[in-house]
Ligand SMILES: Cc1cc2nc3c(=O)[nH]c(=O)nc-3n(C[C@H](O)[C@H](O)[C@H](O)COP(=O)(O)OP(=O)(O)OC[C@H]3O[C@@H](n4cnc5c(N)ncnc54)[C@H](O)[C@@H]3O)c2cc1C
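Read the single chain below, which is given as structure tokens and is the form predicted alone.
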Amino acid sequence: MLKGQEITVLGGGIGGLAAAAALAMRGAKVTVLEQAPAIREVGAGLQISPNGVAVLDAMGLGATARARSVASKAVVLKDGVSGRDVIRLDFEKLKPGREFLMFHRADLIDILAEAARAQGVTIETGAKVTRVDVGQNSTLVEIEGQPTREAHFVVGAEGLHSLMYRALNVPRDPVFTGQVAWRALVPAEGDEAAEATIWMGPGRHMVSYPLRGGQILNIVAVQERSGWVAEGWNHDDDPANLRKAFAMYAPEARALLERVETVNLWGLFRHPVAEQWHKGNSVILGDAAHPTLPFMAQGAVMALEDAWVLAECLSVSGIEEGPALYQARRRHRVINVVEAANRNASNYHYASPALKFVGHNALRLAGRFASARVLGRFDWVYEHDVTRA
């Protein structure tokens, strides 16, 4: 039902490009409008869990994705102060083909852009959308320096500050979590283990994992603080501030932070999931519909799931009835994932020595006697496959 349908996608990020490729695979004629002057290398690392890998496989991108990422063998939780291991969760015990892949964001963007272009998608860069006017049968799209366009069907995938979100919903203020996060990339030194390490500490934690064949390491460090920091990951900060925040950490962790030369800082905010995901011939997906805290590594993955489900719903039910089906299939799951990430926000931050003792020893016992149960706690997230639902 999509053959020849003209669809405009706002935003050339992970969700937008995945949606464009998935829609074009089903016969749509897709144009992506991206405000940046080029689809270029931005951002840092991200993890794509098995539910996201399932989408990449269904799109025929699995082999390329695996070749351009690092397959995580485990996640290791450490006491950040002492450096002692608390629990190791071995991903090699997962079902075959259900990997956690660690990407540089730019590499995943490249894979999706190449796939979209291979399906005939037109990607227009330097196209900054300044206003959208959503009607019942079309949407007017104003682009800086260009004539206004009348788009037959529009997908809003412009991220956190989506114009399409504001066209469909009454904006609601986000809530500051009381946490900020630094993000940095550093060169690897020697053979890096293909695993993610979480260093847990009082009021803070740090995550590190390798990218690009182990050539570089991605670092995300989170600290509780009362100060208000604006959203967005592109706020420059002094690496000395990062090192000071983790000065009580073990030598191995501090040595990793000593290699940081440039770092970005951003505030972490909770956002409500959008009430309305569609109106007329328009929809939103990804962060435009449901910004997600990074504590379940599901932001990019939920965008991939959205893209696949949207394309399926429009293909099966058409552009008139498909958007409502898409929202019905996605919203409840996304709410649950967002809430799980919210609950996970401070799980690594035992401030009380007594709570730390109890919590860490409980994890050690679980790792020794019930690691499969720990791994299975989030099967409802990671084992879900929207391509077979």
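This one's a predicted model, so the numbers in the text were calculated from it and none came from an experiment. Sequential numbering from 1, following the sequence displayed.
Just so you know, the form predicted in complex with this ligand exists too; it's not on screen, but the next bit is about it.
Enquirer: Should the three residues 105, 129 and 287 be counted as contacting this ligand in the predicted complex, with contact defined as a heavy atom within 4.5 Å for each?
Expert: The answer is yes: all three residues contact the partner (heavy atom, 4.5 Å cut-off).
Enquirer: Spot the stretch among 243 to 251, 121 to 129, 196 to 204, 74 to 82 with residues whose non-hydrogen atoms come within 4.5 Å of this ligand in the predicted complex.
Expert: In the other structure, the partner sits against 121 to 129.
Enquirer: Looking at 297, 151, 313, 217, which is the one with a non-hydrogen atom within 4.5 Å of this ligand in the predicted complex?
Expert: The residue from 297, 151, 313, 217 that makes the contact is 297.
Enquirer: To verify the annotation, which of these, 346, 327, 35, 31, has a non-hydrogen atom within 4.5 Å of this ligand in the predicted complex?
Expert: Of the candidates 346, 327, 35, 31, 35 is the one lying within 4.5 Å of this ligand in the predicted complex.
Enquirer: Are any of the heavy atoms in residue 323 no more than 4.5 Å from a heavy atom of this ligand in the predicted complex?
Expert: Outside the cut-off, so no.
Enquirer: Should residue 157 be counted as a contact of this ligand in the predicted complex, where contact means heavy atoms within 4.5 Å?
Expert: Answer yes; at least one heavy atom of residue 157 falls within 4.5 Å of this ligand in the predicted complex.
Enquirer: Does residue 47 reach this ligand in the predicted complex if we count a contact as any heavy atom within 4.5 Å?
Expert: Contact check for residue 47: yes, within 4.5 Å of this ligand in the predicted complex.
Enquirer: If you check in the predicted complex, is residue 209 within 4.5 Å of this ligand, heavy atoms only?
Expert: Residue 209 belongs to the contact set for this ligand.
Enquirer: Pull the contact list for 1 to 18: residues with a heavy atom within 4.5 Å of this ligand in the predicted complex, in sequence order.
Expert: Residues within 4.5 Å: 11, 12, 13, 14, 15, 16.
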